[in-house]
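So this first bit is one chain, no partners, the form predicted alone, shown in structure tokens.
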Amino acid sequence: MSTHPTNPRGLGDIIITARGFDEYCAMFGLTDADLIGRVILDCPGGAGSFATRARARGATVTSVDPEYATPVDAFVSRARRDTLYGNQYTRTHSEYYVWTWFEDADIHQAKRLAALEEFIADYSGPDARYVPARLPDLPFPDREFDLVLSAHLMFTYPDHFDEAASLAALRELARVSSREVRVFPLSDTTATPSAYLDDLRAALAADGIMSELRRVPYEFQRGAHTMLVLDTTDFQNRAAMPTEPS
């Protein structure tokens, strides 16, 4: 349910990203309490080090990405190429970025490549930890995960995910979450906030999925310092209620 524009704005086509564990935790405001003993979905998983390090801290993490269906060598090659392409974009569009989390573009490149190497050491192709799938159709039962994370997808690439596709994706992420969904960032790669975030939140509220905007201790893209948090407990409670006989 995504669109495929001929000339998308900003970064362009969706790339495979390689973010480090610390960056991921800052983006989503994650603490040890969010990780230890929790069952977590990371969608899209990309090629970063979050899943490996979170598992070492006691979390059970499933990473989902359609590109995991690609042969391993081809996936790793593309992830490295996309990482360098993303870094080049920050160099040529530095006005869209705040250079505090990363002091400069060279450090950004080095940290992203280091995260990619951690991923490569852990990844040998699809398995129970790395599942090839594409939103809005995830191969999991309802309420499978305590926490669902979604980074740099629907709001990052609005020319690929229009409003309808974004709503379908959010509903699917909520379906598989028993507690909470966190989505970051809420703007695209030209530092433009989503034009239809309020409409999406209203549609989700009509489904029984309440939401809030929560500030996080992270800003790399200029103005991108807030995540969308979906509370799925009431939604799941409604779904679990028996249907009244007619």
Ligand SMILES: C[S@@+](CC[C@H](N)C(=O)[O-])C[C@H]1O[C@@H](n2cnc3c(N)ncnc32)[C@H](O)[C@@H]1O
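Counting begins at 1, following the sequence as shown. Fair warning: this is a prediction, and the values are worked out from it, not measured in the lab.
Another form, the form predicted together with the ligand, is not on view; read the next lines as being about it.
- In summary, the region of this chain contacting the ligand in the predicted bound form, judged by heavy atoms within 4.5 Å and restricted to 45-53, 174-182, 196-204, 30-38, corresponds to 45-53.
- Proximity of L230 to the ligand in the predicted bound form: non-hydrogen atoms within 4.5 Å are absent; the residue sits far from the partner.
- Though the partner is left out of this view, D65 does reach within 4.5 Å of the ligand in the predicted bound form, counting heavy atoms only.
- Although the partner is absent here, H108 sits far enough away that none of its heavy atoms falls within 4.5 Å of the ligand in the predicted bound form.
- Although the partner is absent here, Y123 lies well away from the ligand in the predicted bound form, with no heavy atom inside 4.5 Å.
- None of Y97, F119, Y130, Y157 but one reaches within 4.5 angstroms of the ligand in the predicted bound form through a heavy atom, and that residue is Y157.
- Residues of 116-142 lying near the ligand in the predicted bound form, listed in sequence order, are A133, R134, L135, the criterion being any heavy atom within 4.5 Å.
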